[in-house]
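One chain is shown next in structure tokens, namely the form predicted on its own.
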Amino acid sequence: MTAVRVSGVSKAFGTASVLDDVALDVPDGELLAVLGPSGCGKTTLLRLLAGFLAPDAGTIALGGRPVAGDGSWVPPQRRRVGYVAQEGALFPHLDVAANIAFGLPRSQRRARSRVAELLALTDLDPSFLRRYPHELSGGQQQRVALARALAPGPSLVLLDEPFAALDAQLRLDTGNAVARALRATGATAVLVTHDQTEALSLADAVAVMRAGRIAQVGAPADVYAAPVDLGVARFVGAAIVLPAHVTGGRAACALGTLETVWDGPDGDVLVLVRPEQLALGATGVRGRVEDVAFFGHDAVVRLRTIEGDDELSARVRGADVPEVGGEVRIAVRGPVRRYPGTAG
């Protein structure tokens, strides 16, 4: 079953077009990440799903029920949608128990068992029930906000960059806890983010937005490994793009002659190489190590080819970091993707 269907939706504010003919389907029970840079229209899309805004054109259906467009309009409070804002938006004068219970129908707000269940679902200790928002960390506040959104059993949960204000490790921990809670309830969710790592690691599917349109939708591994164009490739992870000439399915470029995954016509193209495809060892083209960014478990090595003076980045294990200034050999593991285009 399709939990969310967006068809031909457009939205403008004054003369500024924000969304242009957006189409998107979200299957029931899926966590979809809408990924894109600031200003691409992803938060506007979320607000349209919530019912805070009305589309200028197109239709929106939730659970097969039209909620906007073609003469339909269902207000936010009747859409069975939970909304988690960037800052959590907890009520500062209410403790955790009361904040969570606020999401329940009035007849159930004294149901302690439901509040306790939601607290456990979001990986929070029962001792937090009597704490106030100012006594919680940012990650804890976001989990309480999610518990409040899940309280009435919504069919759809919308998350508007809920981890943006958290530091790296807390962001990771909170994101994983939220994803587990959503999957445990079976709720469909749409997460808006500009963080590629967050989208790829948490979501079942990723929709990449660009200038008010959906550029690509797919499983995280597919969007990363097979981006529809170089714009998506450069946004979803680090990308090395090199000019090449293809003959018989093999691309000759600054890194040698490489296998390609697309059996298209011969000629001049651009090839995409991911940093983790570069192997530093005994074979390949000659390069020099410019600098190293060390992260413990791995490192990013900036290289320059000696013959062609091309700048590259390789991702290697932390135990295999070469010396800055040293010479290495650079080979490519696996086939590369090619796209139309030439140098310059």
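On a predicted model such as this, the values are computed, not experimentally measured, just so you know. Numbering starts at 1 and runs along the sequence shown.
Although not depicted, the form predicted in complex with adenosine-5'-triphosphate is the subject of the following passage.
Trainee: Could you check the pocket for me: superposition on the site C-alphas, adenosine-5'-triphosphate placed as it sits in the model of the complex, then open or blocked, blocked being at least 3 ligand atoms within 2.4 Å of backbone or C-beta atoms?
Mentor: Check passed, pocket reads open.
Trainee: Heavy atom within 4.5 Å of adenosine-5'-triphosphate in the model of the complex: which of Asp95, Asp123, Asp204, Glu161?
Mentor: Going through each option in turn, the one that passes is Glu161.
Trainee: Which pick from Ala331, Leu24, Val18, Val328 sits with a heavy atom within 4.5 Å of adenosine-5'-triphosphate in the model of the complex?
Mentor: The residue in contact is Val18.
Trainee: Report the stretch among 313-321, 25-33, 40-48, 277-285 that approaches adenosine-5'-triphosphate in the model of the complex to within 4.5 Å, counting heavy atoms only.
Mentor: That would be 40-48.
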